[in-house]
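The chain below stands alone, shown as structure tokens; this is the form predicted alone.
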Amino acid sequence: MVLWGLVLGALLVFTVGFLCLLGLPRQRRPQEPPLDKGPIPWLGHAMAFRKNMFEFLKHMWAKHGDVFTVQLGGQYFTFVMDPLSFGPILKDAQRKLDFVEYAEKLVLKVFGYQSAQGDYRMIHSASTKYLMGDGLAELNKTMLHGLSLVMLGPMGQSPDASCWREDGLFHFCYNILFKAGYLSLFGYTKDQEQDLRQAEELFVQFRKFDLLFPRFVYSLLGPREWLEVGRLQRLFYKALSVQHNLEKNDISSWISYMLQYLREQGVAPAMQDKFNFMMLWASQGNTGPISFWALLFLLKHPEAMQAVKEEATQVLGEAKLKARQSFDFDVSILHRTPVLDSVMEETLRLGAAPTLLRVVHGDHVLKMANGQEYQLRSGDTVALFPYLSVHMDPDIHPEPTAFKYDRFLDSSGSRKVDFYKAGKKIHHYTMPWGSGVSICPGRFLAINEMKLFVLLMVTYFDMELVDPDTPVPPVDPRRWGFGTMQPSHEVRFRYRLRPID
């Protein structure tokens, strides 16, 4: 027993000494941002950062100012918190701040997809062609059909659909948006009942992966959880396989275009399967959670709900479903909903918290808006966290924690685009989709999918919270930096299709 104690003690001393050596070489150089290596050699601030990124960065900002470098698990991240200084980072005319390198490492780890040269341009080309203009209009029609199928069933409205039902609002929104989006993008078989069952089964597995996702990215899973992630990855590779796609019709032109490109580049079918999993996550991982926040805010703010309903009546008329009927209207109305647009933009301001990352290639000088210059070291990562530095800035958005449905409407009822910080007009006043080269290429599809869902809910359904006094739940702190926030707990609500007169 004494011998084992000595051995373990020696190992501990060696390990601590080794970690200390790893942390010693890094010292702040002249003109570099303040450096905070943290309390633990090599790990630095990793544990505090992963526990609650928002609170950690708020503390670092107060301690060091608008620019600071922190050590996180052996890597160094320079956070820039002044939104007036974002421009040079997002535009990067010198091409020294690389988004693609970090993204490629992430998708390889999470989805198993090995990116090839040209993939990034291909995805943006496909998105420009099929997720904008006429291509987007066509996909909006497909998405409306998918929502109708999921919400009403293959036969349309059933006679008992007007009965009250109860569910968790988060589950309800995520479930519907995932299934409708999956079917609209990856197609249908001849048996729609079977399609709905498979979509439901996939959603259950998707949520399991979703819950493990933050700790998976940080490599904090336990042994059984690593096995579970592997099982889930294999399940999605099989369900989304190009071989399985051959059995389907109406696969979206967006997905088909990208798969055709991969085939022409000689990418193996197994890698195409992984690409499909990546695109499913990218397209469906955020729309459900944001729709939850949108409906919850409307239910908690009757004046906002009334404004959206009045606008929906203006563009849709007195829309009512008859028995065995599906949702069907001209999707061009999505261009005539400024109130709903403002609601969604405000929801995204409050509910989307991505981190924008750029790897520094070659030592680089960052010039701030106030004229101060900082040296950025090659190999470090520059990071922006707009939720804290922009969305929650009271100078840009007065009462930033409050939901104001008309925050993005000007006095004429049109979209408001003039926002200011320190008396200067600011270009990046919200950044839920990222910005610059890393802006989400599917943002127009995502926002239209969510708008269609909210329009359907406020137009055709009655909704109410089971407990009208229930507060808006806090966000799950594990999701900071990973796109859309999720609630820390469920909110129960009741809903029904409005009865036919």
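Residue positions are given as counts along the sequence shown, with the first one as 1. Note that the structure is predicted; figures quoted are calculated from it, not measured.
Quick note: we don't show the form predicted together with a small molecule, though the next part is all about it.
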Legend entry - Option from 310 to 318, 353 to 361, 189 to 197, 262 to 270 whose residues, in the model of the complex, bring a heavy atom within 4.5 Å of the small molecule: 353 to 361
Inset, instruction - Please check if residue 486 has a heavy atom lying within 4.5 Å of any heavy atom of the small molecule in the model of the complex. - result: no
Legend entry - Exercise: residue 277 in contact with the small molecule in the model of the complex, heavy atom 4.5 Å: no
Inset, instruction - Give a yes or no for residue 419: in the model of the complex, does one of its heavy atoms lie within 4.5 Å of a heavy atom belonging to the small molecule? - result: no
Inset, instruction - Spell out, yes or no, whether the shortest heavy atom distance between residue 185 and the small molecule in the model of the complex is within 4.5 Å. - result: yes
Inset, instruction - Could you work out which of 429, 113, 254, 405 is the residue within 4.5 angstroms of the small molecule in the model of the complex, going by heavy atoms? - result: 254
Legend entry - Position in contact with the small molecule when the complex is considered in the model of the complex, options 445, 70, 53, 457, heavy atoms within 4.5 Å: 445
Legend entry - Site check 337, 343 and 452: each within 4.5 Å of the small molecule in the model of the complex by heavy atom: no
